[in-house]
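Given next, in structure tokens, is a single chain: the form predicted alone.
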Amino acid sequence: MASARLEKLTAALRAADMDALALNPGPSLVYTTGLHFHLMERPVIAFFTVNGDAALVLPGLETAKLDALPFDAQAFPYGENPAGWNTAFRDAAQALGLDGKRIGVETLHMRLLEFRYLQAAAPRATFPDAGQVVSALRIRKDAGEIAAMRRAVAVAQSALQATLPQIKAGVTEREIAAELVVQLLRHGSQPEFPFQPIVSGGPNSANPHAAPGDRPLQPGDLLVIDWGATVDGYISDITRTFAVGEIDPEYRKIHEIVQRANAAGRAAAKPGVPCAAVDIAARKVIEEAGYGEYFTHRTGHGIGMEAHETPYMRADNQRVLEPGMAFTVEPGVYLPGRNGVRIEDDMVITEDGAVSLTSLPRELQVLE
């Protein structure tokens, strides 16, 4: 699989008028090579040229990983003394003839550490953003990738169901998050979660990206739980909102509005329509209900090897949805200082429509 992906990458570089691509550790390097490296104080870079040549600069202690590489690549290992690391980069650049060439980099992932070694190794090179080149390769998932995301969804859903009995008034957000992390691991998630679970109750739930704190849940709170699992390198990203005991009628109302907006966004997703249509459909429900100013973010984002990747469900995004694209639909209403609601599902575009990988109930569940 990785070898076929390398061929596609080579063709994409040629079409983008780039001579090479430089990737440091991250999802795109795993996608292209199948190899996993940590981002650490020792730099790692993989080079891929438009001619199909590949090379890796890496610590000597990591060279055993290259035995699993499904295609030929030159290795330029270095030792522990940082004084010699520039030499490894220069040797790699010289072997591939990179100086003076257009070397693409992912600006969202390339660290300054590796980038400075690249500049020193090829001082006459230019470094255009190759983010769109790489995302175009990853944006349409194949059957194996979708199957992995289905497993990640199943793990995440089972973990939450095992956590719910522990949730009641008096338990803190942090305690719930800790239990959910344990259950994610027990149910089969890799320890590299797509993100740390968001568990936010009451006023904190009005912050879409709140971090779990020590506030105990109180009767009348809404509780937003946004979590996901990682299976075989692919992720899930789900949100459900719960009530802690009896809640204000307005909070039930906004939950029902968000539930309808979620359904409208999912219904709008199909091949041939722009990403904007998904956002507009969900947002229209919330705006017509009088809560438009409290829906403060886009309706969704792509998922796969990362929790946030292309395509993005924004009202200005005219990118057309195609079979294999996977993304979230997650409208929300956030009343500052009071409570918030978000309902999020994971979607995949099919040949004639879209399917939801997530299946947990979207109706408001009351936790006593």
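Numbering starts at 1 and follows the sequence shown. On a predicted model such as this, the values are computed, not experimentally measured, just so you know.
As for the form predicted in complex with another copy of the chain, it is not shown, yet the points below apply to it.
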item	value
Listed range touching another copy of the chain, judged in the predicted complex by heavy atoms within 4.5 Å, from 46 to 54, 318 to 326, 25 to 33, 297 to 305	297 to 305
Partner contact for Ala159 in the predicted complex: another copy of the chain, 4.5 angstroms, heavy atom	no
Distance check, Ala263 to another copy of the chain in the predicted complex, heavy atom within 4.5 Å	no
Proximity of Phe71 to another copy of the chain in the predicted complex, heavy atoms at 4.5 Å	no
Contact flag, Lys65 vs another copy of the chain in the predicted complex, heavy atom cut 4.5 Å	yes
Within 4.5 Å of another copy of the chain in the predicted complex, all of Leu61, Leu113 and Arg186 (non-hydrogen atom)	yes
Selected contact from Pro77, Pro208, Pro216, Gly233, since only one has a non-hydrogen atom within 4.5 angstroms of another copy of the chain in the predicted complex	Pro208
One residue of Ile247, Ala136, Ala154, Val181 in contact with another copy of the chain, assessed in the predicted complex (non-hydrogen atom, 4.5 angstroms)	Val181
Contacts with another copy of the chain in the predicted complex - residues in 128 to 155 whose heavy atoms fall within 4.5 Å	Pro128, Asp129
